[in-house]
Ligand SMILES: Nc1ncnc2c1ncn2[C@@H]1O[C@H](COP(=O)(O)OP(=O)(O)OP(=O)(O)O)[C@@H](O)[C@H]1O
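Have a look below at one chain only, the form predicted alone, in structure tokens format.
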């Protein structure tokens, strides 16, 4: 379980996050939503201590992250950033880097076995020995997710994990994340811009507005009034096959 208590962060005098609190249980997926500049990516990086919060606490299974060194954090938190430069590294070696918190001077048989299994589960076998800089953006995104999963984390932080994927692979990847979270008991926080994708796969949605928590709710509580407040759009909520969808009305003029 991850618990965020009263987290605040500023860039100089500019307050980006203000008093954010929430809890994600083992196996749950929390979608972090909001307009550009609302603080979503900053929240994810502050939880991972890549940015040091001004105040507040982050606890994993009751243990404060602030008291952990980078190796201890890496053994508990896997972070998939919004952007990552492709390196001259094979897919297998890139995934193997996820085992770094557990390895000594070299990878053991268990590390290699875990990586091969995850590469297979992510359907990357045919790319195993290709260099990252030869991959498409979507293929690279899958490799980075595989690297995150072999860390065997307690918490996964995903910053727009489907941004480079076509619709088929967006839903395939989120199904993989959803299944792995349930199977391994991982608490997942994922930043989304696609509201319908978030509503399809998240247990809860945290809406940020101007760095503050505007609403924390389950998908069935998302309504037109909330979307108007958060995104300044007029939207209708529809249902089909037991799922809810947001339909944004095209009412903008230049």
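Remember, predicted model here, so these are calculated numbers, not experimental data. Numbering follows the first chain given and starts at 1.
A second form of this protein, the form predicted in complex with the named molecule, is not displayed here; the remarks below concern that form.
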{"item": "Interface stretch in the predicted bound form with the named molecule - options 21-29, 229-237, 242-250, 8-16, non-hydrogen atom within 4.5 Å", "value": "8-16"}
{"item": "Partner proximity in the predicted bound form: residue 35 to the named molecule, non-hydrogen atom cutoff 4.5 Å", "value": "yes"}
{"item": "Contact label in the predicted bound form: residue 82 to the named molecule, heavy atom within 4.5 Å", "value": "yes"}
{"item": "is_contact(residue 42, the named molecule) in the predicted bound form, heavy atom dist at most 4.5 Å", "value": "yes"}
{"item": "Contact test in the predicted bound form: residue 139 vs the named molecule, heavy atoms, 4.5 Å", "value": "no"}
{"item": "51, 160 and 193 each touching the named molecule in the predicted bound form (heavy atom, 4.5 Å)", "value": "yes"}
